[in-house]
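Before any questions on binding or motion, here is one chain by itself as structure tokens, the form predicted on its own.
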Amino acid sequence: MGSLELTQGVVNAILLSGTLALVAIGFSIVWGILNIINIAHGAFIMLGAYVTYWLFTLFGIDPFLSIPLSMITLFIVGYVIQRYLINLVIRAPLLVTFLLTFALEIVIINLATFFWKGDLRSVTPAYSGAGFTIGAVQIPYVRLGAFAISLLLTGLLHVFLTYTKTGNAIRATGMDIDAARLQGVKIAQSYALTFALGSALAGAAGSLISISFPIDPTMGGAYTLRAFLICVLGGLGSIPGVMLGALLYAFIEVFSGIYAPGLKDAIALFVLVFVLIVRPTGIAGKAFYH
């Protein structure tokens, strides 16, 4: 590999890591606070992508401007699903919520396939192929914009969880539910808000993905797997850990795609096993929520 190809790969991996961090952070907070492995997370990402697609196709709304609408839509969907469905079995064994979110994913994907068919679709604004170069390294505007928005949303989540009363209540619920209840925290409300936040972030991730990659109703499963791997690599419940995990996974994905595209997932799983052997709590450890 030449120095130019290596540099381009590094830049591509860094830009990709922003979107992957946003993919994983919503998954992480739901897992860390509610102790739910949300298999439907990828379906929410898919819905966010289609919100952006239809707003662009039907009304000509710029895909970046559609991100707040995508987040609001998925926030409402997530809140309703958690408050009136998942909350009914929140104290059941982990396998029950696992199967419930798995069933939700199947229902959402089947409904999307029925109404929107299984065709690959793309969001192609006028600037989709544009970019600039630094030396000979190409930087697409779309990828750079997605990276910046991902960092902004991740930073806003950190500020919300750290410096607001509601955010502190959510963190307290994840740390010690009994102590949080004694302090007057409404646990059901905190759970619903956490799940809704995770869904909204998934919607934002879907919007950003739709600008860079083709979408279809079955796209979400691959991103659920990515979110799981990134959370385990970086350390559950740690926003910095998720960002580090996303960066590591992005480098694995980009460079394995160059050298061994057929072994991309196998290489990622091998690195995961190695990290778990060396540091079972992940790169950053389980430090943010617990």
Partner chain sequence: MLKIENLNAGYGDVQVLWDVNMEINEGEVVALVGSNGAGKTTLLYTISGLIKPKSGSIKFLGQEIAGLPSEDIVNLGISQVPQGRRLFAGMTVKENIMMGAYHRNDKEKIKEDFDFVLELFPRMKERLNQAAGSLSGGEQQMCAVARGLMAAPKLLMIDELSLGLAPLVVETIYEAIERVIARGATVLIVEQDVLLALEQANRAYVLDVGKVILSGSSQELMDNPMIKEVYMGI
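None of the values given here were measured: they were computed from a predicted structure. Residue numbers count along the first chain shown, from 1.
This protein has a second form, the form predicted in complex with its partner chain, left out of what is shown; the following refers to that one.
Residue contact with its partner chain in the predicted complex: G184 places a heavy atom within 4.5 Å of it. Shown alone here, A148 lies farther than 4.5 Å from its partner chain in the predicted complex, counting heavy atoms only. Residue contact with its partner chain in the predicted complex: A172 places a heavy atom within 4.5 Å of it. For T154, no non-hydrogen atom is located within 4.5 Å of its partner chain in the predicted complex, even though that partner is not displayed. Checking V77, A180, A112, A192 against its partner chain in the predicted complex, a heavy atom within 4.5 Å turns up for just one residue: A180.
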